[in-house]
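Next up: just one chain, as structure tokens, the form predicted alone.
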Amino acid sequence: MTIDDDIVLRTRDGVTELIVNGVFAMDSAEVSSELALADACLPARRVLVGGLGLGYTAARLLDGGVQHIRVVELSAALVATARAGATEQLGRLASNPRVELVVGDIADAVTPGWDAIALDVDNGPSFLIHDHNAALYGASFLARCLAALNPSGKLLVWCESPSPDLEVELRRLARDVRVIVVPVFRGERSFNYAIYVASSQA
């Protein structure tokens, strides 16, 4: 189904695909990196998630015992589709009292008091779906996220491929940085997705 001018949600052969701005964003056939992103947040009580997608990261956080999950999603139409139960998982998230779905830009939605902030709003700095998201990988926004974390909190950034420049910036700003590489196989093709995990200075 076409959700709005930028977003298409479609199901083929039992696989749900999310297309954003004409670019494949994700599908339900391969979600290992979305689950790895959630797992790297744990343990945590309060998690801020940038980007709803098909809801796999937020659902994994729920299953991991997180008490409050705020998901900030730029597309009002995608949030409305979730609230309408377009897929079983999106409907589960929308109806769960521990999940807060917020329409907005994560760049304007970072507030203090999070055990983890997980950013999965684009493909990473090297392959942007929306050009305006470039600022999300810059020093100013990364520093704001780190400052908003509780002591021992973590900032996590999902990328469709390793980003050395992003790693350098995070190492300059954070107390500690580690990189989780998630091998993904689609047919005969293989990819290495990367999740950057940066610890707060406190």
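From 1 onward, residues are counted along the sequence shown. Since we're looking at a predicted model, the values are computed, not measured.
Here the subject shifts to the form predicted in complex with a small molecule, a form of this protein not shown in this document.
The partner is not drawn, yet in the model of the complex one stretch among 62 to 70, 45 to 53, 148 to 156, 164 to 172 has residues with heavy atoms inside 4.5 Å of the small molecule: 45 to 53. Contact with the small molecule in the model of the complex, defined as a heavy atom within 4.5 Å, is made by all three of Val20, Leu74 and Leu136. With a 4.5 Å cutoff on heavy atoms, Met26 counts as touching the small molecule in the model of the complex. Although the partner is absent here, Ile195 is not a contact residue: none of its heavy atoms lies within 4.5 angstroms of the small molecule in the model of the complex. When contacts are judged by a 4.5 Å heavy atom cut-off, His132 counts as touching the small molecule in the model of the complex.
In the model of the complex, the small molecule lies farther than 4.5 Å from every heavy atom of Val8.
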